[in-house]
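So this first bit is one chain, no partners, the form predicted on its own, shown in structure tokens.
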């Protein structure tokens, strides 16, 4: 089920430097959004900004019909979104796209969630679902990375779930110093990533996704990635979100908005 309607802003609060969580009243998304899915939003009814923007669903509050997304306020659209007050409205279409799929038997798999910056929110929803489904917490590993501590998103929410949580920052201001792949390499050296009982789920900047995909390929680990692309329409019409993929005949393109945004990492042609 999908909605396309003006929805009321319930809250719009800072969660990190230049990053906010906006909570929106939309019972359809609150009830039906799945981990990895997104919504398209417009901030006003005029032509500026012309296109809507995609935002991954972070949290759902079905009991009160609300959901939230986390966004970085750095352009015209997101600064307008940051100015929204409770009681004002935004136009929402969603939920859209596919979802992260849980490898089975889920209770016997080590699930490794790798997040970069504002890539963390959809992985939080995935981790929350895993916990609710009864997957043992010691089988859920979250590697949450950012350039600096003040840019790290969702850390306290992951911690509240009680999963095995790594923080990693490039400047060493919190947790491990380095990149998320450094933590993956460390885990692999210690024999904690069994290739036949491990699944990686990654969301973040494209360069990070490519590095995680290369690591997974090298060590024969299964990996799903959430592709970050421009999605002007979100409905598969404009073809603005094409992702180059491998096919038995060579290569082709898929639309991130309707064929993704979640892809098997081995399917994506990175360069």
Partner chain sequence: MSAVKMAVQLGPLRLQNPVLVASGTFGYGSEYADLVDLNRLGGIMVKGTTLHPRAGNPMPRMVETAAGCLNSIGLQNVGVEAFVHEKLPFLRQYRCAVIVNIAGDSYEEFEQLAERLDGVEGVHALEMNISCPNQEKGGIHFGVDPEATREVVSRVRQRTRLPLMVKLSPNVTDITVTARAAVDGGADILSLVNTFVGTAIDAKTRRFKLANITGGLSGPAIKPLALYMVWKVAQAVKVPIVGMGGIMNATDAVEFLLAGASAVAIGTANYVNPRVSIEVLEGIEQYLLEQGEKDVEDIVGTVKRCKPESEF
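Positions refer to the first chain, counted from 1. Remember, it's a predicted structure, so these values are computed and weren't measured experimentally.
Form predicted in complex with its partner chain: not shown, discussed below.
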**Prompt:** Would residue 53 show up as a contact with its partner chain in the model of the complex if we use heavy atoms at 4.5 Å?
**Reply:** yes
**Item:** Close approach of residue 269 to its partner chain in the model of the complex, 4.5 Å, heavy atom
**Value:** no
**Request:** Look up in the model of the complex whether residue 42 has a non-hydrogen atom within 4.5 angstroms of its partner chain, and give yes or no.
**Result:** yes
**Prompt:** Within a 4.5 Å heavy atom cut-off, is residue 242 in contact with its partner chain in the model of the complex?
**Reply:** yes
**Fill in**
Partner-free chain; cross-checking its partner chain in the model of the complex, the single residue of 163, 167, 93, 135 with a heavy atom within 4.5 Å is 93
**Request:** Could you spot which one of 227, 211, 30, 233 gets a heavy atom to within 4.5 Å of its partner chain in the model of the complex?
**Result:** 233
**Request:** Tell me, please, which stretch of 113-121, 153-161, 85-93, 186-194 lies within 4.5 angstroms of its partner chain in the model of the complex when heavy atoms are compared?
**Result:** 85-93
**Asked** Non-hydrogen atoms within 4.5 angstroms of its partner chain in the model of the complex: do 4, 237 and 253 all have one?
**Response** yes
